[in-house]
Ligand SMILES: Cc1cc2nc3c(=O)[nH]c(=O)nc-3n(C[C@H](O)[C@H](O)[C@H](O)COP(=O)(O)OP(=O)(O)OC[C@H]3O[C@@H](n4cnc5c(N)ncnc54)[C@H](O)[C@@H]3O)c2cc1C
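Just one chain follows, in the form predicted on its own, and it is written as structure tokens.
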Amino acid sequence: MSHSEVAILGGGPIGVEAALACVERGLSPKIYERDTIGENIHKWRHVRLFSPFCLNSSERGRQKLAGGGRSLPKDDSLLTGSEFLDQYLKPLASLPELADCTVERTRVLNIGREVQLKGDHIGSRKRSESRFRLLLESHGTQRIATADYVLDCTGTFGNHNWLGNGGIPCLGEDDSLQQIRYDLPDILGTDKEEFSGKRILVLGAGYSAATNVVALAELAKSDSRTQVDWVTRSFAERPLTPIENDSLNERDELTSQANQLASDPKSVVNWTPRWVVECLRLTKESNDQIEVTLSSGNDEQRKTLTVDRIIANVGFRPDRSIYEELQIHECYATQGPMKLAAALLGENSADCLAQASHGALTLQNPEPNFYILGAKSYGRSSRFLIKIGLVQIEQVVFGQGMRDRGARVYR
């Protein structure tokens, strides 16, 4: 066991922290990252985190960096994505213990078991008698790697949901991808020209949508031609429901600003609840504009908007194609691991900060020694916090999860 090999998929904060924990445990980790360390965070580098640095970093990581003479942010610092990368995650990945652990620009295409097929030894410890077999691709060349354990820390960012009625692609969505952003563009910075003076449709009722709406309203102060249509699927008095006595001041302030913009008839934001997208069509006059058909959901009412850009903050989903040859028990609603999904259903607080990890057993699958950690363990749910992923690492690497390889049968 002391030199068991662990394949870690994804070089984000959970993947890097998991690798460091594995080294401390005496295991041999290898991080496979399809781009570079922290690439997904780099894509929203301008956004400030709601939660303080102490909740987004492990005590192990902080001690390692401080012991090497590196100056760290204060525990209560609210870092931007860029600051978190430069001041913590990248230095962590560069530690001597991890220097040879990371394989960048390498995609994991599929995972299976040596000699076994998906239907062999269903839910049995016998599956752990064969090593995992990973099909990798780097610079157009494929190769095979093996491992005793696999920790899938790939997250969900980049695998967006669709914006159409019922969660499926709306008519014309594929043809309009050049005019749609599913992320958090740097509206006041590098992406300013893409949105300045344009009519923008924002879809979604979460904090990502609120962040974009507030930024667009600020942009409109410097270019009065900028218009914002904000459409949400559910009917409510306000786009976002405030959390009573919210301990995260930045989140509370964002909620207040977004709701104020939606309710003020004099603001640049036109908020319309209870509408869904039926169809997108590039206009005949200009392929840069999109004609958007909205409905009240049951087709009783319809209306059309012509916009220049769409920001669809409709959430993300896990990429499950990686492990389709393994025995994974998924929730039919969230697509996260079934045991964890069931445990999460029992939480009733609206504040994601109040949640706790539910233990290594909830992360187990019928496939022995395969764990989904981090945001991907929550499936389509957006309630995940980095602090939960850090606890998951401790529970799996040092707890029941990886203590006795192959000795458990899925129940």
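Because the structure is a prediction, the values reported are computed rather than measured. Residues carry their position along the shown sequence, with the first being 1.
Another form, the form predicted together with the ligand, is not on view; read the next lines as being about it.
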* Mind checking whether each of Glu33, Phe157 and Ile322 has a heavy atom within 4.5 Å of the ligand in the model of the complex? -> yes
* Indicate whether Cys153 is a 4.5 Å heavy atom neighbour of the ligand in the model of the complex. => yes
* Using the partner position in the model of the complex, report whether Phe53 sits within 4.5 Å of the ligand, counting heavy atoms only. => no
* in the model of the complex, does Arg107 have a heavy atom within 4.5 Å of the ligand? -> yes
* To do: Report yes if any heavy atom of Leu49 sits within 4.5 Å of a heavy atom of the ligand in the model of the complex; otherwise report no.
  => yes
* Structure fact -> Only one of 64 to 72, 362 to 370, 379 to 387, 338 to 346 has residues with a heavy atom within 4.5 Å of the ligand in the model of the complex, and that stretch is 379 to 387
